[in-house]
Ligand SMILES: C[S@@+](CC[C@H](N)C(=O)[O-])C[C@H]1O[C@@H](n2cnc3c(N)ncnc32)[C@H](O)[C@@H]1O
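Okay, so here's just one chain, in structure tokens, the form predicted alone.
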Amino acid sequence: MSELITNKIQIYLQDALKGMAEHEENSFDLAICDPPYGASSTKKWNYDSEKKKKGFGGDWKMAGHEWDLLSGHEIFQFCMAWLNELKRLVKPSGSVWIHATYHNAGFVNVACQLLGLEIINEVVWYKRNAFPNLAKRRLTASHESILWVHTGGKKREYIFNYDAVKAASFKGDMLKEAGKQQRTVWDIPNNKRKEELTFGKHPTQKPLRVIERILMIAGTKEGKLLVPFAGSGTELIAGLNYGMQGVGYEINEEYFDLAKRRIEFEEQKIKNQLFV
């Protein structure tokens, strides 16, 4: 098993269910999950990738990833398995954030209810630069959902950094003003900063800005962050910069190597800043 272990971050090339089973209950203060959506298609699209969409930040690519080709039955079983582990591992004072689209959001919602996990909020991440609809047979999907869930039962002890997020404003977000409460619609373009793509990219990579907002809302300084589906390492990097210790799992060797390079670079950057 390949791994990267530093003072702040541990990431393993390992199945998340096997890895999470090795941890004791109530080990983590926060979990951020970007699971397979079951959204990929094997359909072949006649799309010229040499053409660019002006203002959309680069070429569009269709999804067709083997790791995302799941049936509804498989998605539901998988949701139940990893959510059951998260219920065991995340403290009552912590919470779980789950990325979803219409492909898997219903399964995640039902699985949470069956497991006794309460959904605090459903966040709508509005993407003004959404992928265009090439088939011209449906509306252009321009949002994803993020479910904020807690495991603490009726006591509702989960951390909510209310004052910090109310005071904040975010560049490019035309819906959030400083001094105003954070609403459940977040106006965050899907573009990644140049440095986020230096070592390569993951097909469903989330912008750091999305994860940074999650951490501002529910993060715990010096706390412990769990990332079951690490992908390119974005959540672990955001957690590192926020001041949390992170544990992540990734089963794809290519993306594990990408995450490893990004984390090593980020940690070196932090070290260099300390000695300036």
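Residue numbers run from 1 along the displayed sequence. All values derive from a computational prediction rather than experimental measurement.
Note that the form predicted in complex with the named molecule isn't included here; everything after this is about it.
Proximity of 28, 158 and 226 to the named molecule in the predicted complex is absent: no residue of the three has a non-hydrogen atom within 4.5 angstroms. Put simply, of 131, 199, 126, 78 only one has a heavy atom within 4.5 Å of the named molecule in the predicted complex, and it is 78. The named molecule is not shown here, but in the predicted complex it comes within 4.5 Å of a heavy atom of residue 15.
Residue contact with the named molecule in the predicted complex: residue 251 places a heavy atom within 4.5 Å of it. Mapping the unseen interface onto this chain, residue 109 falls outside it, with no heavy atom inside 4.5 Å of the named molecule in the predicted complex. Although the partner is absent here, residue 238 is not a contact residue: none of its heavy atoms lies within 4.5 angstroms of the named molecule in the predicted complex. Exactly one of the stretches 148 to 156, 178 to 186, 110 to 118, 202 to 210 approaches the named molecule in the predicted complex with heavy atoms within 4.5 Å, and it is 202 to 210.
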